[in-house]
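Below, in structure tokens: the form predicted on its own, a single chain.
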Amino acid sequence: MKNTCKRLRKLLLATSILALSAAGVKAEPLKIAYSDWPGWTPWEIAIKKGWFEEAGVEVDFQWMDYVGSLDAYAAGKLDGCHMTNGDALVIGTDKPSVCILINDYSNGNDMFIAKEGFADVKSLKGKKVGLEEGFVPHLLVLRALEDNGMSEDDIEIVNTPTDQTPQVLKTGAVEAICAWQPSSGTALREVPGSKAIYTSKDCPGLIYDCLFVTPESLKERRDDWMKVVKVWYKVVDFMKNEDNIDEVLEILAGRVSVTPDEYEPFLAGTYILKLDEALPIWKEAEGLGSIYGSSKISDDFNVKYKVYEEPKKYSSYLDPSLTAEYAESVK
């Protein structure tokens, strides 16, 4: 009798789902966080132009502070979140993530900046550097030190939230900072004589900026995420057309409330990847030319600095299949 009741309840549930589907009840919009980074702000182009509606996918893009978006994602409030490949491993401690799209790599917007009187990385030996420990600026500084034959023992790190780094440099509390845009640009504008002595342009591929989604959402709504990927490459094609540059800058600048002229350098410091450029980065290989190799470097960093205790299976955070499927469809 009990088994019969269970079968009846399952049948009624299935019938209800079919009825709702037939009635045209839509799935909830995909909730996706994006923040003030020039590789993610371009989604605003698709939003403004109605390209998601054209693609037949409901989305709810939520504009947030970067760290706040990571917290919201980890709390289960989002289906997808934009983050670096290294930060995704950290968030994965509490919330599994799967990268389905590589938007860009940082090409100069992440900056190691010294105040006046310090000409290069080596000149900072024994000096204070303000940065947010355990995040991208920390990793970039370590790379800068390594490239200059130095180690972390050669400087004194002052743990500082990224958005506060311009202020600590301005007050003279530190001799240098490391931050991403817009904080890095703010520091250069507000601290006379300051200059970038090492940037992400010196190590392309150290920082990949990506769209990560929950495994549950990807499994249940893969077709919708496939449409999101298609829309992204429509955005990229639009941006890469020089005839559209004025409109691109107007839309992106408007999103962050600056002028197009002010925004243009931000865009130059971020290398937005075309489809044919993203495909080889998805291949498993060592080194910064592969997101696998780059993620291995980030994983080693996170373990060394006790961001988490054990190495991650970073390859499980990466799913190239949607990009590959899209590439096949446009051949």
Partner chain sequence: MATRKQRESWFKVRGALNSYRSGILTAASFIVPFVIWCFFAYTPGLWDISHKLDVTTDLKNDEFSTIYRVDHVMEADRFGVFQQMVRDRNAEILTYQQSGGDLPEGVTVSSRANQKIIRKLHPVAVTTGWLNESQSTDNEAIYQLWKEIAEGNKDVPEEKISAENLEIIKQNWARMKVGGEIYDSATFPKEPLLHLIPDGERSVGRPSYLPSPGEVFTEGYKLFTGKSSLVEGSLGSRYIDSIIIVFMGFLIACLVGLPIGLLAGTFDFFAKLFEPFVDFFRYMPAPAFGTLLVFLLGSHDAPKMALVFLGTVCQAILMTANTTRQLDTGLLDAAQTLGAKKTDLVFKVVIPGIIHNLYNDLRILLGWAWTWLVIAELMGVKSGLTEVIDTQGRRFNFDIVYAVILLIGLTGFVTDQILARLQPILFPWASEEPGGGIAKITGWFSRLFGRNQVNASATPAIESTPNA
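The term rigid core refers to the maximal set of C-alpha atoms that superpose within 1.5 Å between the two forms. This one's a predicted model, so the numbers in the text were calculated from it and none came from an experiment. Positions refer to the first chain, counted from 1.
The same protein also has a form predicted together with the partner chain, omitted here; what follows describes it.
Colleague: When the partner chain is placed as it is in the model of the complex, which of 100-108, 166-174, 138-146, 225-233 ends up with heavy atoms within 4.5 Å of it?
Modeller: Looking at the other structure, the answer is 166-174.
Colleague: Please state whether all three residues Asp65, Pro192 and Asp246 have a non-hydrogen atom within 4.5 angstroms of the partner chain in the model of the complex.
Modeller: Yes: Asp65, Pro192 and Asp246 each sit within 4.5 Å of the partner chain in the model of the complex.
Colleague: Can you check whether Pro182 is within 4.5 Å of the partner chain in the model of the complex, heavy atom basis?
Modeller: Pro182: contacts the partner chain in the model of the complex.
Colleague: Is Lys77 one of the residues lying within 4.5 Å of the partner chain in the model of the complex, judged by heavy atom distances?
Modeller: Although the partner chain is absent here, Lys77 would touch it in the model of the complex, with heavy atoms inside 4.5 Å.
Colleague: Does any part of Pro265 reach within 4.5 Å of the partner chain in the model of the complex? Heavy atoms only, please.
Modeller: Result yes; Pro265 sits at the interface with the partner chain in the model of the complex.
Colleague: Whether Lys201 contacts the partner chain in the model of the complex should be assessed with a 4.5 Å heavy atom distance threshold; does it?
Modeller: Lys201: no contact with the partner chain in the model of the complex.
Colleague: In the model of the complex, which of the listed residues (Lys304, Lys274, Lys48, Lys283) lies with a heavy atom within 4.5 Å of the partner chain?
Modeller: Among Lys304, Lys274, Lys48, Lys283, a heavy atom within 4.5 Å of the partner chain in the model of the complex occurs only for Lys48.
Colleague: Among the candidate residues Ile91, Leu188, Leu218, Met150, which is the single one with a non-hydrogen atom no more than 4.5 Å from the partner chain in the model of the complex?
Modeller: Contact residue from the list: Leu188.
Colleague: On a rigid core superposition, would Asp79 pass a 2 Å threshold for CA movement between this form and the one not shown?
Modeller: No, Asp79 moves less than 2 Å.
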